[in-house]
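Shown here is one chain on its own, the form predicted on its own, set out as structure tokens.
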């Protein structure tokens, strides 16, 4: 078994910035990701980011990934990157069981940061297993990483930022978005994203969902219907849309299984996506020396995940006895950035969820 000073599990936005802060402080870092390359969601995000210059505003996610990985490259002697490596076990003594190809090995870390992100939620409807029914992340991967269009005529289900952004990206790729349906009574994502697709002629239908996919061997059409105040379908309101693809973007669920395996205290908070770890002011879990950040802790945008990663990296570095210049000032400034990112109506859900955890927003 190999012993490591700091282990970061997950090479997405939060994991990358956490690793950078640890490296800046002089710590040695082992960065683990199950994919063939680092980046997480950044690898498929071709849209411009909002926020401030500190959060890489006006940069595309793929460009932010390049900035962060180039920064990591400056610490080659202190950084070990294990891609195509899956952590399959996690134990209270901070021992990890890992699998890479046909190799099984164990690592133990003084400090472990979980930035494992989230998985996409499914939506139950008739024939939702037909070819042509995709999760939004799969559509992004096909288009933005492999240059493959998922279809020609798409129904988007869900008006959060993911649904809105992927709709726009589909249109940029020459795909027709026939309509976007949203079960809630209002659009869930930023209105600036919604405005872009509405200007291009896409109807956003609130209080509406998909009833069933129609087709024999693949999707040939989708039947949608209106929902009542109890989120139940209204008989007689059905209509059929001719589409060959149904893209489902109905939210994310934090990947807390490994944390729960080692006995970390979690709480179900609907507004944050599901089971999330209970964290202290340093983003430390109920197990000393184990931290969590990003979508694993609460479902937000990549900008917030990167800020949380920096906070966790600084706290973990200090816990290791490493000196971090202006640490208290930087953490205070980063917390202020988070507050700004969570401001306004789009941040209502996150603020409500964090309040249930007793986290000041």
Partner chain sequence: MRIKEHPILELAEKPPIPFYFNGKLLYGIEGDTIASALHANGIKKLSESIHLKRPRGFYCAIGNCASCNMVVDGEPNVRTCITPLKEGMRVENQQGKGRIHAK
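Residue numbers count along the first chain shown, from 1. Owing to the predicted nature of the structure, the values given are computational and were not obtained by experimental measurement.
What follows is about the form predicted in complex with the partner chain, which we do not show.
Q. Is it the case that 134, 141 and 152 all touch the partner chain in the predicted complex, with a non-hydrogen atom of each within 4.5 angstroms?
A. Result yes, every residue of the spot touches the partner chain.
Q: State the residue from 288, 129, 93, 228 whose non-hydrogen atoms include one within 4.5 Å of the partner chain in the predicted complex.
A: Only one listed residue qualifies here, and that residue is 129.
Q | in the predicted complex, the residue from 118, 269, 98, 165 that sits within 4.5 Å of the partner chain by heavy atoms | A | Of the candidates 118, 269, 98, 165, 118 is the one lying within 4.5 Å of the partner chain in the predicted complex.
Q | Which of 228-236, 273-281, 107-115, 143-151 sits within 4.5 Å of the partner chain in the predicted complex, heavy atom basis | A | The contacting stretch here is 143-151.
Q: Verify the contact flag for residue 34: yes if a non-hydrogen atom of it lies within 4.5 Å of a non-hydrogen atom of the partner chain in the predicted complex, no if not.
A: The answer is yes: residue 34 has a heavy atom within 4.5 Å of the partner chain.
Q) Looking in the predicted complex, any heavy atom of residue 261 within 4.5 Å of the partner chain? A) Contact check for residue 261: no, nothing within 4.5 Å of the partner chain in the predicted complex.
(Q) Is residue 86 near the partner chain? Define near as a heavy atom within 4.5 Å, in the predicted complex. (A) Because a heavy atom of residue 86 falls inside 4.5 Å of the partner chain in the predicted complex, the answer is yes.
Q) residue 240 near the partner chain in the predicted complex, any heavy atom under 4.5 Å? A) Contact check for residue 240: no, nothing within 4.5 Å of the partner chain in the predicted complex.
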